[in-house]
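For this one, two forms of the same chain are given in structure tokens, first as structure 1 and then as structure 2.
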Structure 1
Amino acid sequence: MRRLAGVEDEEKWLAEGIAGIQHNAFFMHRALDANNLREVLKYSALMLSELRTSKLSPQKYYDLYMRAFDELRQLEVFFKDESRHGLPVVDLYELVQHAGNILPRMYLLCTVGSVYIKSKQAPSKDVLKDLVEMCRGVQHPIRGLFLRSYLAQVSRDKLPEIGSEYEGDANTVMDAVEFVLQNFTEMNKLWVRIQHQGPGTVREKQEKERNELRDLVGKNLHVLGQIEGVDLEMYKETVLPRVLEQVVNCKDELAQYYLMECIIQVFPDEYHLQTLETLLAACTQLMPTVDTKIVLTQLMDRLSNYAASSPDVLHEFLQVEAFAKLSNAIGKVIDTQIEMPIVGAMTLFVSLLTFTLRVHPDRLDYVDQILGACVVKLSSVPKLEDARAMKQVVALLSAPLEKYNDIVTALTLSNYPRVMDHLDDGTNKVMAMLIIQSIMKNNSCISTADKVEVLFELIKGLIKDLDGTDTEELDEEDFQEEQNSVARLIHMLDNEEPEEMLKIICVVRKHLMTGGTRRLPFTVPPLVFSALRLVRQLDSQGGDITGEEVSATPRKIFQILNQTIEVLSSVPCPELALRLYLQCAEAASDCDLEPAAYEFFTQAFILYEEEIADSKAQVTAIHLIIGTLQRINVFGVENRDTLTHKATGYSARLLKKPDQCRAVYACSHLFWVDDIDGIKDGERALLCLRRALRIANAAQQMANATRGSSGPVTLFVEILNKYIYFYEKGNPHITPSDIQSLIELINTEMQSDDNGNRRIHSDPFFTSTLRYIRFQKQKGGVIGDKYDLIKL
């Protein structure tokens, strides 16, 4: 209620003040109309006396001031016209100094002084100096600030700057600068003094009021930045030292922070660069409670943008050794401000790194130096838990990736992984994903084992559990995305030199093997295919490559692959391991390494026997084995017989009869391979087909026993197509009568069931097969003659 009452009282006092201004302004206007100077001065002084109040807050006082300001503009017009009041401006300047109270006197003096300068009857510097010194008579902070603000406003267009009509022999730019600096100094003192007024209990209110008044002080610096003729030399020798002296000596947190911010914003970038040492020295002298990081960050951001604006200015940064000065200043600030939170230090490092990457993109040693300083600071904290600080560290690590568009450059930074070590597990993964995305986006190729080692240390959060983190807690979709990213990364590792490529594969394998059972099924396959790509490269070069340390031979690579897939098979993930064994067997066959190919097949059969129990998985696996074995021609008779015997045996032992049938007739291709060097054992191929036919017949009988009908004839038609294939390929053991008999069997099965009941049934597959036979008959020639022997 007290606060509410205070607001109501303030509104009442403001209304009274405005009413007083309006009342006296009315009589002043009457006097103006009558050109009565005496009455004008009397009522204008009474009107301005309303500004003597101490009851209003800065915001309310501003409302009152603006009412008086509007009236003063009309008063100034009156003073300019000597014909209306009949006094020379010099005498008028003397006359208004006799006003009874100092505040109205100074407002009137400033108004007449403005006219005095415009008349050019006296040097503007003398009038300005007189006004700025006489304003010291008003020492109440709020009243004094608004009075000096009025002085600055009415004198702004009358400063003797270059190009101004008031510049002359007696008036120089230095006079204009001196006036603004003096006014700024006095205003800052008044502004700072507000905090010392009243009891400490109203400190928060005072801070709020001071915040409302700060622009009045800052306008002086804006004017300094706009004065024509303030060159670098004057700025360096006069303006900046005087302003900084006031900033440092005022020992006020709010004033120091705001004024440093103003300096950085209002003066040109090139001036900041040439006075960098002076500016940074002032930053280290600010009060410990001043948020220096924001000041330095703003300064570095401006300099960074200046460097990016034109390549022509970069040499200036080198001349002044900008990086060394900024780096030293930031180090001092962080060391002296012990209470600075870790996020503040990280923000400074990010700004310094941004500056460095723009100004000195070729100086990786500078980048590494910043990262090293970051490591030192992070090492002083037991554990980085601040989310904002973590975000800044990610920004710090991301900056080199974005700048260089090449992870290889980042890998040369020795402190890069040391910074990553301070991230928590979740953020470490985020950063690792950013690194991989950068590699993919820029199509970067990591081509040496040393760089791969560093890279996998950086992304270790994705390839193994950190600090005992349980992968079961991870979201499955996120986990799969992470592991797929690692898998894609492995394909980006390449080197034309086989010896180096083998080293890369060994480094990757070393890291991946620590990944745990959930990760291996994602990461082992790309590693295997990368190694197989190297095997085929060696094979195309026609021999082994031997280096000083590592022998890059297909045989050695296959040994590594065998050990790698063996780990995968124990995960357990037997179906995937079996596929990889078969891929390796085919590659070994291409290299004419029969023992290696046989060993891979042996491992595949062991997995099939011992690990794959699901019937559907067994069907898929046996077809993969048969298909791979059919394509391989490296085996001698004995080894091939052993493997084909195993394949046909497992085919016949599948759980379901249809699966048995299909696997067995697929085995017929193991004995008749349609290429120049392929095996051509027509008799054993026929035996497979007959065995498949018996199994199909048994399947029909079982279907009849369980369902009361023989069911579709699809298996018979599939076997018929195999007969036709081998007949067409020239297998002498497949005769037209065999095909004809099978067609008749299918027709019989389609026309009646086991109870002798005749039924109409059509099988599209069988119809298409017969159409094919007729088509071949019509072709004529050798093929046509061959098919003519088949009677439909």
Structure 2
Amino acid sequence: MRRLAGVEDEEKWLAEGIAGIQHNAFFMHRALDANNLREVLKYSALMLSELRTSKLSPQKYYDLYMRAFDELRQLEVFFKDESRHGLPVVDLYELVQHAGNILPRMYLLCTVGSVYIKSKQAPSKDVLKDLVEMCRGVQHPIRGLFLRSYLAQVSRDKLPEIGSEYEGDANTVMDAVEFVLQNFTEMNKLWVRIQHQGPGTVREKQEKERNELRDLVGKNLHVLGQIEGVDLEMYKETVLPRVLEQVVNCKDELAQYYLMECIIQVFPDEYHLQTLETLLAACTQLMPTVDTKIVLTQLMDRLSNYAASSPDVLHEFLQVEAFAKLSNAIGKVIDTQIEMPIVGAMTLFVSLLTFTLRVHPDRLDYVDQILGACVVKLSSVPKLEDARAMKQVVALLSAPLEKYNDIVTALTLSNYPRVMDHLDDGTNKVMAMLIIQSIMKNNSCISTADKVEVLFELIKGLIKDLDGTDTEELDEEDFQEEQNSVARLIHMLDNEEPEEMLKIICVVRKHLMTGGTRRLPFTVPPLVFSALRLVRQLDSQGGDITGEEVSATPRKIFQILNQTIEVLSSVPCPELALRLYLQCAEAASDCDLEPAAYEFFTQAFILYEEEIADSKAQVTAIHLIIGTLQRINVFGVENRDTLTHKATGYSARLLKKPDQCRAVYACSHLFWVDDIDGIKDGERALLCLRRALRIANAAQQMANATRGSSGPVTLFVEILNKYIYFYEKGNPHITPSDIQSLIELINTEMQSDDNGNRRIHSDPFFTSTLRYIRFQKQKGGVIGDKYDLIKL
């Protein structure tokens, strides 16, 4: 059983090889110093024999090669100087061919050849041709590759390129190209052969070796790219076809992939553009295992950058119909490589889209076309489950969003929603969130009902439960974030034209109503406020345009609002609904629509009575009711009476006495509105204050009874402030003595409790209230006179 070479073995062989080279080099140098040609040739051949080894891996062989290379440089100097060895170069060229083994013979020949070309005693092309053909004698892959690499190195500055000293009638650029192409072809053949040697167990090792060698082959392409005089014409007619021929025919996966990459990197982008068809055709002819996607992606990336480099370049793209060609090639690749997983196809589409967005951003039809091809491909699989493929589709859909900051543009792509349909529910929502974020980031405004319809179709994963989803599974925080995003989105839908705006509102409403009870508390409020904004806009514009059939009227909108808020009862969220009803009531009042306003108040009151049981919630709710009602001036006497009566009744029936007290004195403002036309029923306002006082007294007595001491005097001081408020406003039913009595009452309460102990020394609130009275006294005028009547 043959033991595989270990690292230690290789180190040993390398060391031996190096030693061999050094040993012979020593004698060679002695011969060089003595100008002894025979000895020089003898020892140089011996030295070069070390390169005949087949035991070393490419990395190690390279080490050995470099040692020899350095020695050969000195040898070349010797060969060049005829005075030292006495032989004309033509004869020298003949002489070295007598070396025993072919490898040393060839290295010597190439070295002399270099001198020969420099001497210009023969046309460069002839010598080069001779050398490149004779190298055929070495068929061992590693040895052959390094030999030809040596040939390439020494010949590099001697190619008959344009402007070179070796150019002439007999030598042309074409000859240079021929030489390099031939060397390249032979090197590739050698390189590919490595795979076919040895049993399968060593295959992995060989692949590694192949990768280490690949730059030797690729270098030739670099040279081709640098030769002066290789223009587009020559590239198109000769260079590319020959290179591609070798690439395709070698039928080697590693070589094809590497060389295609090389071609794309090495040659100028304008060349690629002009030879696009040829390049793409080659791509479709590669071995099925080659990752053509990456090759095509690299090509498209380079072309994208090229397009971005200058605007003049763009017409070239149009002229060669770049998009059509790329699109067709990609289609062909996807169709022929049926085993290609879906993620591969998607990656290709993403690359093509990136290219299109950079090169033809204005061609929405191209973008839509790509999306269409994507839809076709996605339809061919029953269900998309590969997470990576999903990611690519998301990238595909995100690209137009990022490019066209205006979401409206993406909305016009007919295939966009179709692609989204193929996403699984989770990814669909991710995409929907991305769409909303894009709108928010760019401050986009979507202004027609049609576009809103398309948009809400796209984000339907957030709007409602899609088949198969279970909203219970979703993390609470994530769900709230989703719904809040939808809520924010609603404010980006706007049109100054009321008719269109109403249409938008109706479209949104239609979609939101499918959301289910979990979503409504988030989505209904922004819809309501959006509608209220429209109402106020209509109101300020000056009412109905008589004679015209308009559907956008406040009355109509309030009907819609009523129906919308009603839906919240299914959740249920009565507190929110109550607040919304009150907002609508105030808006209706401002529009002079008494019945609508009354209806909204009725709904609010019903909710208060039937649905809001929590005491704290009741306190807030009643204050909102009182506060709103206080501002409303549309009601006739009867309606107003009914509502205020109800409000005061609720206030008195709150659970805790202090809450009752405060709500009741708040009601006093229902009977006194400070406007010019405002109601000013001083008597009923005072009645409220007196009632509040009674409640405050009762509260004190309760505190005495239950705790043995009085409560704080805050409530009394608050009521005192209210007395002062109305007194100052001119309520005729409030007298200075009323105020004085109240002040006395407070003093009494503060001074002692049941046991006659001095309790509260001072109350800052009371103190500052008295201070206020004194301040007003000093004012002079009507106010001053009024306050003067109050004796402290």
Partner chain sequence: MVLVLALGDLHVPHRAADLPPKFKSMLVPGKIQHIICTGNLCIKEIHDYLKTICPDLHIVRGEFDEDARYPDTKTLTIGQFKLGLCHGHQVIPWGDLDSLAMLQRQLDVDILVTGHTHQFTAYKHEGGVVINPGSATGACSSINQDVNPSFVLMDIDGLRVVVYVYELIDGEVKVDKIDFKKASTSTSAP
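Only a predicted model underlies this, so the values are computations on that prediction, with no experimental measurement involved. Definition used throughout: the rigid core is the maximal C-alpha set that superposes within 1.5 Å between two forms. Each residue is numbered by where it sits in the sequence of structure 1, with counting from 1.
Quiz item: 1 or 2: which is the form predicted together with its partner chain?
Solution: It is the second structure (the form predicted together with its partner chain) rather than the first.
Quiz prompt | Rigid core superposed: Val430 CA moves 2 Å or more between the two structures | solution = Yes, its C-alpha moves 2 Å or more.
Self-check item: C-alpha of Gly516 moved at least 2 Å between the two structures on rigid core
Solution: Yes; Gly516 is a residue whose C-alpha shifts (by 2 Å or more) between the two structures when the cores are overlaid.
Quiz prompt | Core-aligned C-alpha movement of Asp406 between the two structures reaching 2 Å | solution = No: Asp406 shifts by under 2 Å between the two structures.
Quiz item: Upon rigid core superposition, what is the positional shift of the Cα of Val381 between the two structures, expressed in Å to one decimal?
Solution: Its C-alpha shift, to one decimal, is 2.4 Å.
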